[in-house]
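One chain follows as structure tokens, the form predicted alone.
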């Protein structure tokens, strides 16, 4: 009995640092933001205003634009990043010369900080000296204001987001592909199943749990994008690329309205929780697990 108590105490001590960081860096900031969302600062005084900040958010036209921008950014980046990552993983899963080099090369953008990646792409997008516009004009096209034109500004930050994460998701897909028993693929091949049939009937179901995991983290990452917005466009032109986290940053540190920024934070966290819950209720039951559970 005493030995069991010592083991429980030891387990608790091991978990204590994790609980500490989880509380002070996750739960406490959210709780603090939730409380601040019902307050308003007037001079040096903070007063309780109830749902006033939420009413303001409901009628805030900039917030509506930012929310739509973030959904658009997520719709563009998540499926494209997953498709490119899966395609690269399928190619690099084969025995080809230099596969280790290609894996490293495609994974390398993941190691680069998003701030550095944004500055690299900002240089590539320069209207006069940028390499991308040089190629466009070389083939007879017109130079494009990638980050200065509302028509192309969102595309520019989408490209950066895809380039940054595709290698990371590729490695996760590659790990899942290598875990598929070769006997299943060989049996399907002997039964006359072609590449498309083997991919649809064996590969996709076997990596569905990995795809579900990537889908969740990709959606969350798409709603946390801020570095490329801050460094490349500052949310412009005309809020065309303003996303939720950057709008929260603007209200907190540019407009010095921490209470409204807290309201936006509570909304964003709640939205991500609802999206995650939706995926677990609708998508997760269709996921195949090797244990046979669905």
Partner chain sequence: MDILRMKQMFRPKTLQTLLYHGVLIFCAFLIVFPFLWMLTSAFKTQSEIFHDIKFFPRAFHLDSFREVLSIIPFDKYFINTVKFVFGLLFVQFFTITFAAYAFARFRFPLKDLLFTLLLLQLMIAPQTLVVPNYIIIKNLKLLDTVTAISLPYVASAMGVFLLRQAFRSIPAEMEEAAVMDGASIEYYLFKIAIPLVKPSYTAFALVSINFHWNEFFWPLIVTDTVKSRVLTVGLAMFAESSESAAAWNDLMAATLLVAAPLVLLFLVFQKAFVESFMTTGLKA
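In this text, all values refer to a predicted model and were calculated from it rather than measured experimentally. Residue numbers count along the first chain shown, from 1.
What comes next is about the form predicted together with its partner chain, which is not displayed.
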| item | value |
| --- | --- |
| Position in contact with its partner chain when the complex is considered in the model of the complex, options 189, 213, 199, 71, heavy atoms within 4.5 Å | 213 |
| Partner contact for residue 194 in the model of the complex: its partner chain, 4.5 angstroms, heavy atom | no |
| Contact flag, residue 282 vs its partner chain in the model of the complex, heavy atom cut 4.5 Å | no |
| Partner contact for residue 38 in the model of the complex: its partner chain, 4.5 angstroms, heavy atom | no |
| Distance check, residue 268 to its partner chain in the model of the complex, heavy atom within 4.5 Å | yes |
| Within 209-242, the residues that have a heavy atom no more than 4.5 Å from its partner chain in the model of the complex | 210, 213, 216, 220, 224, 226, 227, 230, 231, 234 |
